[in-house]
Ligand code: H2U
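Presented as structure tokens, the chain that follows is alone, the form predicted on its own.
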Amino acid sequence: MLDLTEDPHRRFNPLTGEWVLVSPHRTKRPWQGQMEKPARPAAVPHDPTCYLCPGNPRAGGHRNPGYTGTFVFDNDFAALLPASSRETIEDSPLLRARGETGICRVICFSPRHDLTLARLGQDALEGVVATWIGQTLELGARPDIGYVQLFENRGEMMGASNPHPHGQIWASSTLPNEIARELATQTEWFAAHRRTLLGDYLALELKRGERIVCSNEHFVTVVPFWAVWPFETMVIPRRALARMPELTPAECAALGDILLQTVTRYDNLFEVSFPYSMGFHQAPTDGAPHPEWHFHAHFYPPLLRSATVRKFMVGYELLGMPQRDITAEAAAARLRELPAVHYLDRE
């Protein structure tokens, strides 16, 4: 019989319709590759050279206000522009291009330069959730915006250009690839079962328990069965809802709590300021109700076996298919066993 803890096997991702190769026996291999420098929290609450700190200058002559909570501004180096061309070029069926418009913004989570999501505290995290909701409503109401992507890159190895606690919003006129794939799979599942795909998946995970990391009354963090990154997790609401603005006040507080539980365990795993890319997947902002869509968040952290060894997507993963060594069950067990108290707060 197939042993999921020892034998190479493939696992299916129902959200994307793709497979991942799992090779649990490879966890025994020695590592003589690149060793990363462990990240440490910023040392000062205000850095006069940081372009995200309150009162400091930014590019183009802009200056930040003396903000005390969250602060949102249009990205000074935006990847999408609202007034760019939407022309389509098709010189050949093989040579096609379309203009894409949109709006990119930056959200500073706190005026404190030396904090992260794991160190903000519950009240401040609820303020961040409220800002995410406000931005989704504002941008999603625009007729030229079809999707609002909220995300955070944490740590230098995940491409963060500044250690100040912040995230980004990319609001685009069309659906990004990952969203288009998830829309198709969730629509197909809902048409066949009249229930959401992630609602059924969460019920299965709650029954089995082996991949649950943490939970509260309204949310569950799970290492998905099909995870690719070493300690990848999904945050899923127990109630099916399409977009973040549909959260009740109690669910908003619970979202802040589950995020705090999750990122605290990440920091505790190797006792560093843990790097990751995190983002929320919500339904398109096209005015349709989208009963098939189940709002959720993805965490993609690169650290593999210590604070100095990380996972690279190279070779077979770029040319063949994603592959991982640590099973979802083993990753969940390690995260689940960690305390909910941050390692910097222990006596």
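Every value quoted in this text rests on a predicted model; they were computed, and no experiment measured them. The first residue of the shown sequence is 1; numbering continues from there.
Form predicted together with the ligand: not shown, discussed below.
- Contact with the ligand, judged by heavy atoms within 4.5 Å in the predicted complex, is confined among 157-165, 207-215, 256-264, 124-132 to 157-165.
- Heavy atoms of D76 reach within 4.5 Å of the ligand in the predicted complex, making it an interface residue.
- Proximity of V44 to the ligand in the predicted complex falls outside the 4.5 Å heavy atom cutoff.
- The ligand in the predicted complex is approached by A59, whose closest heavy atom lies within 4.5 angstroms of it.
- The closest non-hydrogen atom of N153 lies within 4.5 Å of the ligand in the predicted complex.
- Of the candidates V106, L202, V235, L139, V106 is the one whose heavy atoms come within 4.5 Å of the ligand in the predicted complex; the others do not.
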